[in-house]
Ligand code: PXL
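One chain comes next, on its own, written as structure tokens: the form predicted on its own.
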């Protein structure tokens, strides 16, 4: 039987991120993908102007109907939430709609490059740290890991630094931390704290440019690969390779995202 996942994050009508990434990627892997949109934006906030419609008031109505219909989900993927109240809603979703053994995968999405995103503060970080208790896998980038654990942010990494972040994150959750954006010896990738306490590194080429939304692509592909039975390291490796292919396929003038659709089409065509 195909798995049914609920992904909770915002919807940007224009811009390749959040739900406009998660829905096609997870669906392409044969996963029935259900969504709880937290907000609708005209476009993501990398553009100069945008509109924003908060959907938080509708969550209770959605949950009430889902209960009446008896819906259950085999997994959860959380991305950009933006409000602490939506973390409460996420926990209610876990408690009410989880099928037996449903894994929870959380990408915290609140900071990068040593700084919080606009609109976030220390209280949001503390509430996110509490939410991570419910996770089976967490996918913070280095900046988010530093904020969550009170670790000094550094642009230069070594194994001791990465392993310190993993150990500190493990104190927040019984889940498995996977830290993204780790740089070692000129390469970039992920540090994974395995179930036996050992640490694995999944490293690849560091490309000389970045694009908006690559974290959402990584989380979506990682989740799809993990739910298909891949190990954590193999899922991370597959997701990283996918992101690199997306970056390579995206011309410079396409500044607001990556052409992940092209890569997804090519990859699915080879399967």
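Residue numbers count along the first chain shown, from 1. Note that this is a predicted model, so its numbers are computed, not measured.
Keep in mind the form predicted in complex with the named molecule is missing from the figure; the text below concerns it.
Inset, instruction - Among 87-95, 109-117, 192-200, 152-160, mark the stretch whose residues have heavy atoms within 4.5 Å of the named molecule in the predicted bound form. - result: Heavy-atom contact with the partner occurs in 109-117.
Inset, instruction - Mark residue 216 yes when one of its heavy atoms lies within 4.5 Å of a heavy atom of the named molecule in the predicted bound form, and no otherwise. - result: Because a heavy atom of residue 216 falls inside 4.5 Å of the named molecule in the predicted bound form, the answer is yes.
Inset, instruction - Report yes if any heavy atom of residue 46 sits within 4.5 Å of a heavy atom of the named molecule in the predicted bound form; otherwise report no. - result: Contact check for residue 46: yes, within 4.5 Å of the named molecule in the predicted bound form.
Inset, instruction - Find out whether any non-hydrogen atom of residue 17 is located within 4.5 angstroms of the named molecule in the predicted bound form, and reply yes or no. - result: Residue 17: contacts the named molecule in the predicted bound form.
Legend entry - Residue contact check: residue 80 to the named molecule in the predicted bound form, 4.5 Å heavy atom: Residue 80: yes, in contact with the named molecule in the predicted bound form.
Inset, instruction - Name the residue from 28, 241, 41, 35 that puts a heavy atom within 4.5 Å of the named molecule in the predicted bound form. - result: The residue from 28, 241, 41, 35 that makes the contact is 41.
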